[in-house]
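Listed next as structure tokens: two forms of one protein chain, kept apart as structure 1 and structure 2.
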Structure 1
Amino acid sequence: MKYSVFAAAVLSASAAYAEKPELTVYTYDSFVSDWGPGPAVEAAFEAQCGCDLKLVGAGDGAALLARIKLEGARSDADVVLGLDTNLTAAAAATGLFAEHGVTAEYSLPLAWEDATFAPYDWGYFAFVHNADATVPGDFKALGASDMKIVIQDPRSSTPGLGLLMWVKAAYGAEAPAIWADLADNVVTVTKGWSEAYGLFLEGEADMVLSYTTSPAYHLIAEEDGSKAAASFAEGHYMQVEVAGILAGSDQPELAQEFMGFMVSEAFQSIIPTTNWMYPAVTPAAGLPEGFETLITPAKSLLLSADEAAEMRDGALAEWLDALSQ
């Protein structure tokens, strides 16, 4: 049947590379998509390593971790790319990861000391709005305003969880009160980022939870300057995306080489206009034109992996409580 033709085509494609060593990298789905960094990263790494780089998309960051847990030590994956600091504590606790051994001059707003996971890009969560709107300057003002926002569910979405941590990092024990004030501003909560962003673009809300870098996409890819991110006085919570080597890898040297490649110029220069995040190591040529228009938060917020893991369940309960009223 047609199917076996397909399967045969796929099989023979991989058979052709069989003599080359193969490096399998698990990542999130939007990384491997035709519009993400995947294709360019694959071409660039294969040009230098004489190997076959296989990028496998597995949902989003949290699904990626679940996948690694499911597969356990038998996993074919050599490298996992796409966890963030909300997940690294749980990921490290699996004991499946080895030390990354990468050193680089990171351009992160804070020092990086994790020996298991190395960062490849980062960004700030922010509320994105139409540039002509007047927007509140912090969560308290937002809660008091009648601005409508769309956010993502922390149970099913990475930015959703980021927002939870943002409020927690900025307000600590005051967080429930902030959420209580925000409750009437929340138009709705979506399963993932795409739904929320789509709703915002359709005009269902005045602001959507996204990244400070989101306006750069519209500006650079669509030459549309109509979107902006609101700068909040409490500071903005960071998302740092990281990769790690699996201890059970059958290509440890190649994995090591990939990690080095990841913080190199070739990889880092692909990131800004494909993943729409800040590169972990700013390329020599600097950031692409347009990034200078983005807001720079006065303060960077980030809970450590352990703090994040510890606070997560309590913060979720507070959030559920406030928004279920």
Structure 2
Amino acid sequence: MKYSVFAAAVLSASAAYAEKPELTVYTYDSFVSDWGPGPAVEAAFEAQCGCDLKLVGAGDGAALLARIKLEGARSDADVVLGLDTNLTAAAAATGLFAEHGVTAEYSLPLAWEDATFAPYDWGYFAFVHNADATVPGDFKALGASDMKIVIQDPRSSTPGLGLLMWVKAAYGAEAPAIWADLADNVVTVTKGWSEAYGLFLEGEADMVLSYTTSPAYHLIAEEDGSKAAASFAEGHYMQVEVAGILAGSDQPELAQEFMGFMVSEAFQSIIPTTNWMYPAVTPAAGLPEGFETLITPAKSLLLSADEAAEMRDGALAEWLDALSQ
């Protein structure tokens, strides 16, 4: 009898769990890592929605779009989180995304008017280095130096693509010459950000392509002030990370709820000390202590989504040509 009661309770609980709607969000690997925003985001949203939030790591940011293109309308994803403005034009052109309906008081350094993709954080690309090192102050000086750098592949990584756009936005037609000079400085090119940053921390390079906000992680999480971001005279390229709903989602209302949650206090307060970026909507408590120590670029660089899409193939060809010499 006791066994029967126990079994019935287990079956009842299992049935209740099975009835929970499931929302699948494709994102990048570092987002779903133990130290990333994923675990806290999952717990907070599930407490609100009474659903099962399934966060799926799909490589680095630029790899997300490739996977969605490959899967097409058959994709299991309901939401894609981790594209940026260098990819949104190409993503919208697939016809696979629906409008999000999100409204928020964004604290971005630009007006946001995209009806298909909504931002959740932003930052500036930068080369991170040991704070006691003397480092170049622009791309030309970097190319002329003997500093060894680790960068990410622009075909799979949004930081890698961001670097291409950074050089292109700063130098235009001079970009091939900049890459020709930088080629000797590149120790290796990794598929994603995590691998590149790990190599830098292991001492395999003097500098790594990352963000102006990366030193905040070491300062706040590790109480280590030994890392800094180099300030470049040309300015720093901005990244705005976004999410979008797939038109083929079988949970459209839940997907809309997640998008609204994404710009809420509960989600945005998680971002600064887990994704180590600036939140798209500043939390009521403001930014954590330590963020005030970060460099502020003298000039912000950002190509529009359409400009980035137009320049991407040419910039990639210039990069490949320089690194293959």
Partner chain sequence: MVAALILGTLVAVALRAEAGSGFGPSDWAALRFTLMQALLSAGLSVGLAIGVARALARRRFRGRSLLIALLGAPFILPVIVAILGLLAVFGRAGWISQILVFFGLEPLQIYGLHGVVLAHVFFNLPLATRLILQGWQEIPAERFRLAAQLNAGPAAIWQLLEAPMLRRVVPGALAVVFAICLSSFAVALTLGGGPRATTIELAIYQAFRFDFDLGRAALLSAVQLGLTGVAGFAALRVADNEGVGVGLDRALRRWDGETMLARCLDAGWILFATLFLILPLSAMAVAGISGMFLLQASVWVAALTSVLVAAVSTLLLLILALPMAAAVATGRSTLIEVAGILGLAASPLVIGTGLFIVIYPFADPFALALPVTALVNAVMALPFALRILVPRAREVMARYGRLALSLNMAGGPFWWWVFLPRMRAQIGFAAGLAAALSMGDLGVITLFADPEVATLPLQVYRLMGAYRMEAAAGAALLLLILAMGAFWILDRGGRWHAEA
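Reference numbering: structure 1, starting with residue 1. Fair warning: this is a prediction, and the values are worked out from it, not measured in the lab.
In this pair, structure 1 matches the form predicted in complex with its partner chain, whereas the other structure does not.
Both Leu108 and Pro21 are carried by the same rigid part as the chain changes shape between structures 1 and 2. Superimposing on the larger rigid part's C-alpha atoms between structures 1 and 2 leaves the smaller part rotated by 15 degrees.
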